[in-house]
Each structure stands twice: as C-alpha cells, then as structure tokens.
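Quick heads-up: it's one chain on its own, the form predicted on its own, in structure tokens.
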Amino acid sequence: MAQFKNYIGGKWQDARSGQEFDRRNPATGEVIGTYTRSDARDVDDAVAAAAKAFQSWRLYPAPKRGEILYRVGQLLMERKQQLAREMTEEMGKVLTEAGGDVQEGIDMAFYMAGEGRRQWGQTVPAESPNKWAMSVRKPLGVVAAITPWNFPMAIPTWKIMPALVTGNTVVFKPASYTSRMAVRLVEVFEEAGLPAGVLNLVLGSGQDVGDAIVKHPDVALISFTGSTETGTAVNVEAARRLKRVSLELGGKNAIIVMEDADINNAVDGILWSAFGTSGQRCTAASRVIAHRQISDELTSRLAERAGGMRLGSGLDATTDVGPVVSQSQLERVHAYIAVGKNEGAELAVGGEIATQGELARGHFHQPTVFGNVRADMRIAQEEIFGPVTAVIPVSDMDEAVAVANNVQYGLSAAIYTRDVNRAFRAMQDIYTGILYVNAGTIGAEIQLPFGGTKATGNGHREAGQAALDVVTEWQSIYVDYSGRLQRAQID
C-alpha cells in the first residue's frame, strides 16, 4: 500500500506523531493509500523552514522563479493522464473532468510563470522637479495555502503559483480526502528544481493542522477555500493577529432561462452546471430561475435528461456522474431531499441514494431535479454541494434578477436569452463575481479574476492579475535627485 508523507525543508518525512490515516476510493471503498497524520509540531517545522527559505527566495530573480514554474507546467503536461486517473480514484470525479482539473494547473503554471517578467508597478510624474516616483510589489513572507478536495490540482495551483512567482514561500495544507494529489503536485515542484523550504506540505486534519497554521505568528497570509462556516472562523482567528486573509467560500448559483432562450442549449448548460463533479463545485448551478411560460417544459426536459444519466466509477468512460466524496457528504446531500419535499417542492426526478449493484460500494446519489420551487425555500437558499438543482418559476426579467440576487452568496450566475438588452441588464444588475451569457455557471478561465461577492468571500480574487494583489504589498518609492530639500505640497 502506498504511503504518503510531509515535505518540509526539502525532505519527505513522517509526522512527529507517528500516526497515519487512510483514504478510500469513494466509488469502490478500496483503500488507495495511507497518509502521515500531522499536528502543530509539524506546522512549526514547516513554517520555520518556509521562513528561513524566504530570506533567499525573495532575492531570487523573478524571471528565474518563472522558469521554475514553466518546468512545473511542462511536467504536469507530461503526467496529465496519470494525474487525472489518480485524482478520479481519490475523489471521484469522472476522468475527463479530472483531466480538466489538471489542465487548469498547467494553465496556471504557464500563466504565472509569465509574471516572473511582469509584476507591473507604476511610474508616475512627481509633483516636484528632479524627483522620481514609482511603485513596486514586495512579497509578504510565509503564505499558507489551505485547499479543498473538489479541485485538488486547480485550486492549490491558484494559490501556490502567484505566491511563489512573487517571492513568497508556502506552507500547503490540502484537504485530507485528496492528500495524494497534493503529494504529486509537490513532487513535480521538487523535480522542477524549487529550492528546499520554498514549498512545504503538511498532511492532516483541519483541526490538527489547519488551526495551527491559522494561529501561527509567522504566517503572513492565509489563503483558504472551503465552507463559509469554516472561512468565517478562519477570518475571526486571523483578525486577532492582524493577518491578511483571502477567502473563497460557498455559492448558491443561479441560471436564468427566459422565454426567448434556446431551450436545447439551456438544458445542456444546466445539466453540466448542476451535475458536473456530482454538483460538488462552488460554481454549481443549484438554482434554475425559469420564466413561467417555459418553466414546466424546462423542468420536464431536465428531469428526462437527468434521469438518463449513468452513475458509476469516474474511470468508466460511460459514466456521466461519479460518486460524492464521502459518506458524510452523501448523507448531507440526501437530507436536503426531505427538506425540499417538506417545503412543498415537487420532486421531478431522482431523490434517492443509489445502491444498485456495484453502486452500493460507493457514495452515489441520483441526479435530482425539484420543480415549482419557491425562492424562499431552504433548497433555494442553502448550499447543498451535491447533484441537486431547483427550478424556480418567475414572471419577468425583474423578478428573475431579484430572485438571483436574493441569496447570501454571490459567486456565479448565468442567463440564457436571445435578447441583447436582457443580457446587458443581467450584466448590470446581477451581483456576482462571475456572470455567463448563454452558458452555464461553471468553466472559469485562469486569465480572469475568480471569486465572488457577499458571503462567497472577503473581496479578494484568485487567478488573473488580481491574484498578485493578494500575495504582495505595494511599496511606493520616491527618488529625489535635486540635491536640496524639496517639501511635498502637503508640507
């Protein structure tokens, strides 16, 4: 059986506790590896290694940092198929989606490698003669990357790549469910020539490892992706210590379908957005806001298509929907079926845990569609994080926008319409970090900012140029070459 260890100061090592934990394939129940179980002592070691490495890494020429990231991207490309397969075994998503997850990491490596030769500052006119004024980016120090299990390659690279290329060092704490993918990513960095201590990996639970990282005095930034509840707790603890925090949290994303929409295109987009990754995406479409003229037809067509989706192992090319990640997650998703029924929503299809044949070995839930849902129902307000979506009928564009905005989250939204005026209304009035027109709610590209409004986060963004603002400080510099005292105008 494979055994996976921490990576601290350039060395693979067991946790100080000597304890381990197992991870099972969520589709089959088979054990796929054992992992060292860390605690605060290992966090102390990792942060110390990162702090020591920072003193030299911050002075390492940024273009050379970028070259290392290029090599990381190349190695990920070479190993894409194997990494995708291991990801599917570890967390369940179908193989093609796992390949897309790895591709996101490749794209981020190449994109942020280019920042080794950019990281633009500003030069601006000074208010006095013979004086130069400019700004530059400075790294923060030790950055903590605390990542979830649903995108075990993409999300870590969103956090690690910008941090490294700007001169920070990193302590990486992955979700326990996907520790093997974290080890594989760090192995690639090691092979690409990243100096010892610049990237450190600590495996273990949020309680034993995550809390220690958040409270550690030498961690300058905590970059966290996960639940809103946990993110709020992280924010409170960090605030006590004046730490910088970047949070990417929950979502309750809506697809608006107006009566003039291409229904075929909308159905395809909804199915992909609602049931891709078994609905376990922060951008998943768990609400469909449909004009009353077409809501019944849309619900019927969604139910017919969802009912025909094949459940199974993500390694099987004929599988449409893989397992959810764990038994506890399966129980959480299924509990919302009773909630929806009790609130008066109409179950159009699904609603059951799948236990037929080989499916009984894993954590499978039928793709589920509720119809005639009211906007104030719990299934229309709370993040389910599973293969469940709710169709909410509305009378017009104004009501559609109001319903879309009337949740605590604001990550992603979409509208299907042939009316350009409605499309621009949506761009103007829907308050989310991401908006799609005539496409589903998932599929972000790494060259634009990723993140949301309201309870989805705390205002920071990942990916794109915006990611650099999270992992750097601005320094304004003035050079006076007049040879005499020149007071600023305020003086």
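If you're wondering where the values come from, they're calculated on a predicted model, not measured in any experiment. In this text, residue numbers run from 1 along the sequence as written.
If you look for the form predicted together with ligand UN1, you will not find it shown, but the lines that follow are about it.
Trainee: Of the options 319, 295, 283, 329, which one has a non-hydrogen atom that comes within 4.5 Å of ligand UN1 in the predicted complex?
Mentor: Answer to the contact question: 283.
Trainee: Which one, 416, 275, 364, 158, lies within 4.5 Å of ligand UN1 in the predicted complex by heavy atoms?
Mentor: Contact check passes for 158.
Trainee: In terms of non-hydrogen atoms within 4.5 angstroms, which of the given stretches 57-65, 40-48, 27-35, 438-446 touches ligand UN1 in the predicted complex?
Mentor: Selected stretch: 438-446.
Trainee: Looking in the predicted complex, any heavy atom of residue 150 within 4.5 Å of ligand UN1?
Mentor: Yes, residue 150 lies within 4.5 Å of ligand UN1 in the predicted complex.
Trainee: With the partner left out of view, is residue 90 within 4.5 angstroms of ligand UN1 in the predicted complex by any non-hydrogen atom?
Mentor: So residue 90 does not count as contacting ligand UN1.
Trainee: Contact with ligand UN1 in the predicted complex for residue 86, defined as at least one heavy atom pair within 4.5 Å: yes or no?
Mentor: Result no; residue 86 lies far from ligand UN1 in the predicted complex.
Trainee: So, in the predicted complex, is residue 104 in contact with ligand UN1 at a 4.5 angstroms heavy atom limit?
Mentor: Within the cut-off, so yes.
Trainee: Using a 4.5 Å cut-off on any heavy atom, which residues of 450-468 would contact ligand UN1 in the predicted complex?
Mentor: Only 450 sits within 4.5 Å of the partner.
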